Structures are given as C-alpha cells and as structure tokens.
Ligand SMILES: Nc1ncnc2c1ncn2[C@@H]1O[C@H](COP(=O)(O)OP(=O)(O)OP(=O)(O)O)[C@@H](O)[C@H]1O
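In structure tokens, one chain follows: the form predicted on its own.
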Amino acid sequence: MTDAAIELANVSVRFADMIAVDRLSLSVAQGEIVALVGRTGAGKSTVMNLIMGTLRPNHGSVRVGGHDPANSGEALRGVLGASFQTDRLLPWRRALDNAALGLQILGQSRDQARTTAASWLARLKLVGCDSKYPHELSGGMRQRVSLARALAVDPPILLLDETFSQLDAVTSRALRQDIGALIRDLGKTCLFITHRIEDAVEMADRVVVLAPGARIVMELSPTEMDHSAAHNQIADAMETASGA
C-alpha cells in the first residue's frame, strides 16, 4: 500500500444490470487537489460515495488515509470533510452554529466549537455574518458557511461534490479561488467532482476526465499549461467520452 491519501484499486460497482464503475484505479497524493470531471452518468457521484464509505464496491479496494472507509467510520472521524452541491445548512441554526456543528458532533463543547467556527467564518470572508440564519444569506454565502463547517474540524482530506455548480459565474469563481488558495495554504488533500470545466481548470493540480463507467479517458495538469488550452482539451475529451 502506498502513502496516498485516497486510493481506489481496480474498483467496480454494479447496480442490477448497470455497471456504474468499471475497474477504476485512481490515486490522490497527500496535499494534491484533483478534479473528477464528466457528464451526468459518468460515475462521479458513485466514486464519491465509495470514498465516503456510504457504498461498498463489488470488486476491488478503496482506501482513505490507509483505511477502508466502509468499515472504518470511527478511524476516519475528523479525517474527511465534505461540502456538497446544496449547502445542507440547518435552517434553525445561525451561521455560527451551523459552522460549529461538526466540531460539536466530534465532542467539543459548544463554546469551544463556536470560537473555532467564528475563526473559520472570518477566514472565508463572512465577518459579521455569525448571527444570520441561512435564509438571510446569499447562495454563495451559504456555501461559504458549508465550507467553514467542513474545514473547522481540520480534516486532512476535503471532498467537494459539485460545491460551486449552483452559483452564478462571478460568485462561483470568487469562491473557488478563495477555497483553492486556502486548501493549498493548509496543505489539505482535496478531491472534487464537477461537470464544469472552469472549476477544474482554475482549481485543480490534476484533472481526471471520466466516461460512463467511471473510465478514465484523460488526465492533465492545468497548472503546467495555458488554461485555454487545458479547457479545450478537457472539452474535447468530455465530448469523446459522451459518445463512448
């Protein structure tokens, strides 16, 4: 076994007569930001569920921090942080208490959790929003609270599931630039899935393009090439994958 933060080895998942993941092998190094890009039906969400331990493979192995996530829930407590397409904030809790929720679940006192959460809201440019309820915040601000909640537990691995996809172009770009810089500053490992090429090009160290069955059709590093060229190559690969 390598020292990869996330590793899937020859993984397959079948739902009835449909193969959702077909012999996928994928490794994410510690401190690496990797984007899984593909159209609907490419198996991105299934891969994320495998990594989160909510789904078991029919074949192959999954390791997160050296553990099988489907059998090591306790060992992985605080190791994984996640943010999703919808913010999943509790409407009856203010921003500060939403951001503190993960810490309280892990056993921190309410006061200690709120102090840590307040610092993360500030780092995510939400100063002055502590006492606001979700309905009083914009979509981008709610996603920042969701990210503050994920990061507050200080997980070494962060999973982002279409986190930017429901935001307008300007808000999405500002958020992914901020979170990308923060992840790099903190040395976190990040795996995120998206169908939007601009998210992947602007944020990832490595982009993995998936075809149906979570088959890898291309990998590239946007940081090593012109972003326009990277965008075009990914678009071509996705088009090819959709007809595969």
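Here the structure is a predicted model, which means the values were calculated and not measured. Don't overthink the numbering: it's just position in the shown sequence, from 1.
From this point on, the text means the form predicted together with this ligand, which you will not see here.
Undergrad: My question is simply whether residue 41 lines the interface with this ligand in the predicted complex - judged by any non-hydrogen atom within 4.5 Å.
TA: Answer yes; at least one heavy atom of residue 41 falls within 4.5 Å of this ligand in the predicted complex.
Undergrad: Would residue 230 sit within 4.5 Å of this ligand in the predicted complex, counting heavy atoms only?
TA: Taking the distances in the predicted complex, the answer for residue 230 is no, it never comes within 4.5 Å of this ligand.
Undergrad: If we define contact as a non-hydrogen atom of the residue within 4.5 angstroms of the partner, is residue 45 a contact of this ligand in the predicted complex?
TA: Yes, residue 45 sits close enough to this ligand in the predicted complex that at least one of its heavy atoms falls within 4.5 Å.
Undergrad: Residue 130 near this ligand in the predicted complex, any heavy atom under 4.5 Å?
TA: So residue 130 does not count as contacting this ligand.
Undergrad: If contact means a heavy atom within 4.5 Å, which one of 24-32, 45-53, 197-205, 171-179 is the stretch that engages this ligand in the predicted complex?
TA: Every other range fails; the passing one is 45-53.
Undergrad: Counting only non-hydrogen atoms and a 4.5 Å cut-off, give the residues of 148-167 close to this ligand in the predicted complex.
TA: Only a single residue, 162, comes within 4.5 Å of the partner.
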